[in-house]
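Listed next as C-alpha cells is one chain, alone, in the form predicted on its own.
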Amino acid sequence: MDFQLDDIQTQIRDMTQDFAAKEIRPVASALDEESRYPEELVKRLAELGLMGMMVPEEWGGTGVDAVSYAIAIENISWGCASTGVIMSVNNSLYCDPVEKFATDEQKKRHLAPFASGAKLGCFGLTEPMSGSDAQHMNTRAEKKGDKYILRGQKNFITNGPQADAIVVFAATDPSKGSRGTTAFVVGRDAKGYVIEPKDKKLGIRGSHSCTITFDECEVSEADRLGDEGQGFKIAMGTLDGGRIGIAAQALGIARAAYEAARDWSLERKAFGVPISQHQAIQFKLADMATQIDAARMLTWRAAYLKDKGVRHSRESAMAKLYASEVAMRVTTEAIQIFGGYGYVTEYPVERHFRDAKICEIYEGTSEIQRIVIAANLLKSGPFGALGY
C-alpha cells in the first residue's frame, strides 16, 4: 500500500483533527465526569458527513474509503473516546451490514437516515450468557405468518439508550447452531422492544450502553436482514470491519496520552532539569511513539484490504489486538510519567487510561483476537502466513 495520503484522505485528516481540537477536546472531560451523552457533537458529526463515511452517497453516506474512516476515528477519539465509539458503532456495526445485506427498499428505511446521521443505530450480538461464544445465543426468533416474535436480551449495547434501531441476531433454528442464526433490523418503537437502564461504566462514560430486552417483540419479515440462517456470517463479517474502528479508537486514545506525557515531560522538573532530559523518561516516550506508529500501520493495512475487497479477518484482528494493548501500555506509562499528578482527575491521562481498557474487551476480547489470528495462520500457505 501507498503510505502517502491522497487528497481526500488528507482533507479528512485535517478536518477531523481541527474539529476534534476545537470542539471536542474542550468538553471531553465534562462529558466523562457527568456521564453525559454528547448530543451536540453527534449532530456535528452528522453535519460533517462522519456518521456514514463508507456508505455511497446515493444512500445518504459520504462514500469515502476505509483508510479515511480509520483516520477520522483516530482523530475523533483523540479528542474524546466516547464520541469516537458512538461514531464507530453507527458506521461499522450498523450501516455496514445494512448496506451489504439489505434490499433497496430496506435501505430507504434502515440505511439512508442512519448514514446521514438523522438517526442513530446500534448492534446487538452479545448476551448475558454468551459474549465471546456468539454461536450459542439464547435470543430466539419464532416465525409466525409474516412476522417473527423475538424473545431474549442483548447487553452492553453501545448507543442502545439513544439508538433508533438495532441490527440484532437471534436463533431461528437452534438445532443448526451458527447456521440457524438470523439477523433483523428492529426499530425502538417496535412492540416489546424494552430499553433497560444505562450501564454505569469505568470509562467511555459519555458513550452510553444498556441491555435491550425483546419481550414478545414483533418484527416484520420485511425487516429481516439477509436470508434465514445467514445471521452468523453477517455478524462475523461485520466484526471484521468493526475491529478496524476499535483499533483506530485505541490509536486515538494512545496518541492523546502520549502527547500529554511528552508535553508534561518538557515542563515538569526533577533533580534540577526537565524530566524529558532523563534517559528513563526518554526511553518510555520512544517506546510509546514506536508502538503507536506500529499499531497505525496494522490498522491502515486492515483498512486498505477492506477497501480492496480482500478478506481481512486476520489483519483486522491483529490491528485490534495490538492497538488496544498498545493503548493500555501507553496510557499506563503516561500516568507513570505524570507521577502522582497522573492519578488525579485534574489531568487527562487517568481518563485516557480508563477509556483504553474497553478496547481490549468489546468487539472481541484480546483472547478472541488471538484465536482468530491463530486459526487463520494455521490454515494459510507459507506466504499467506506472513501477510503478503
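In case it trips you up, residue 1 is the first one in the sequence shown, and so on. As the structure is a computational prediction, the values presented were derived from the model and not from experiment.
Another form exists, predicted in complex with a small molecule; not displayed. Remarks below refer to it.
Of the candidate stretches 103-111, 140-148, 216-224, 231-239, only 231-239 has residues whose heavy atoms lie within 4.5 Å of the small molecule in the model of the complex. Contact check for F123, G131 and R311: all three have a heavy atom within 4.5 Å of the small molecule in the model of the complex.
A residue is said to contact a partner when one of its heavy atoms sits within 4.5 Å of a partner heavy atom; I368 meets this definition for the small molecule in the model of the complex.
Contact between S265 and the small molecule in the model of the complex is not found at the 4.5 Å heavy atom cutoff.
Proximity of N75 to the small molecule in the model of the complex: non-hydrogen atoms within 4.5 Å are absent; the residue sits far from the partner. The shortest heavy atom separation between V167 and the small molecule in the model of the complex exceeds 4.5 Å. The contact with the small molecule in the model of the complex, taken as any heavy atom within 4.5 Å, belongs to S178 out of Q291, S276, T211, S178. Only one of the listed residues (Q162, T172, Q135, Q153) places a non-hydrogen atom within 4.5 angstroms of the small molecule in the model of the complex, and that residue is Q135.
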